[in-house]
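One chain follows as structure tokens, the form predicted on its own.
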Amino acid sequence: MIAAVDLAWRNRIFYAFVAPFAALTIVFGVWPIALSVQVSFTASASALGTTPTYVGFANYATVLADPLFVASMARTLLYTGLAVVANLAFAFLAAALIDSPRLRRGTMFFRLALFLPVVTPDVAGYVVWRWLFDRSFGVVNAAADLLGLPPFGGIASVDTVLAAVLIAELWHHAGFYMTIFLANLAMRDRALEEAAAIDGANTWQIWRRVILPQLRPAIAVNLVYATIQFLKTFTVVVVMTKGGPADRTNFVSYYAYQLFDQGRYGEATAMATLLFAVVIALSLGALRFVERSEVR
């Protein structure tokens, strides 16, 4: 009887602490998404009024028939794939280097140096990168000229703008993924590595057969988070490229913003809803992929 009462009180305390966060999530998360989906089914002229006119799936039909949206979605998926691979690969290598016993000194410096950009305000960081990539007075081209290398087009060239944006985003986000990898590396069972070494396993075999399987939780978290993060890339585009040059960085989130700014609310929210569906689908797919590989 006493145990049951104690458990009931624990449950009440738990729900008392969870309730404010659940309320905030509903008010500032779920409710705005629901309203956005509702607006996507209304005519733009009345979408924000008190009596909106519902047009069914007309906005979705218009968006899906728009070649600019189709190209923007393809561009977004391509960039997301490149950004996820680049960020997770860099973060993993950085974490492995910092965790290595060969690097006995300076680990705290590297941790801070790589994580500091994560807490740097987005706009401030991307403004600096825009200056760095400037073709006239940017440091990147000044260094290339000093080394006798060809100039880097940066954000002004259709051939290099994706690389420039990718570098800026890697600088800003990779430290976060590195921290998750480091946390998982710190929790691994090192006795398994010692046993594998005694059995004659080399460094590559230990990493592949012993360490990597223990990093699956970190890989899953980073893969899902990075997929979500880069599918909705927006701030870096607003600050550095405005979707250019030649629409090369006009991703779905920025294209939807442009339509919303033009008063095409129904089509803009339809794009946002489609992007949201893609985010959910790819995130669940990434999580399922990691879970299936873990079963194997």
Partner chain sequence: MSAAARRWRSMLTTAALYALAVPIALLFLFPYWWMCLGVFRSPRQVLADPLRLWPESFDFSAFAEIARVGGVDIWVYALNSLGITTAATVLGVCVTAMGAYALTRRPELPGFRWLRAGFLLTIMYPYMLLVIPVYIVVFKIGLLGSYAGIVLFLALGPIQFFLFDRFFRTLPKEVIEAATMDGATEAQILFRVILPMAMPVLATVALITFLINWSQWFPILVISRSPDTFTLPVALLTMNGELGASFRAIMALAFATTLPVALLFVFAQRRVMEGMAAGAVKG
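Positions refer to the first chain, counted from 1. In this text, all values refer to a predicted model and were calculated from it rather than measured experimentally. In this text, rigid core is short for the largest set of C-alphas that superpose within 1.5 Å between two forms.
Keep in mind that the form predicted in complex with its partner chain is not shown, yet the notes after this line are about it.
Only one of these stretches, 164-172, 72-80, 189-197, 206-214, has heavy atoms within 4.5 Å of its partner chain in the model of the complex; which one is it?
Result of the contact check: 164-172.
Of L149, A89, V123, V158, which one comes within 4.5 Å of its partner chain in the model of the complex, counting heavy atoms only?
None of the others qualify; the residue that does is V123.
I'd like to know if V85 sits close to its partner chain in the model of the complex, meaning any non-hydrogen atom pair within 4.5 angstroms.
No.
Does at least one non-hydrogen atom of S253 fall within 4.5 angstroms of its partner chain in the model of the complex?
Contact with its partner chain, yes.
A43 versus its partner chain, in the model of the complex: is there a non-hydrogen atom within 4.5 Å?
No - in the model of the complex, heavy atoms of A43 and its partner chain never come within 4.5 Å of each other.
Taking heavy atoms and a 4.5 Å cut-off, does L223 contact its partner chain in the model of the complex?
Output for L223 is no: heavy atoms all beyond 4.5 Å of its partner chain.
Across 201-238, which residues bring a heavy atom to within 4.5 Å of its partner chain in the model of the complex?
Residues within 4.5 Å: V221, Y225, I228, K232, F234, T235, V238.
Would you say whether L147 is displaced between this form and the one not shown, judging by a C-alpha shift of 2 Å or more on the superposed rigid core?
Shift at L147: 2 Å or more after core fit.
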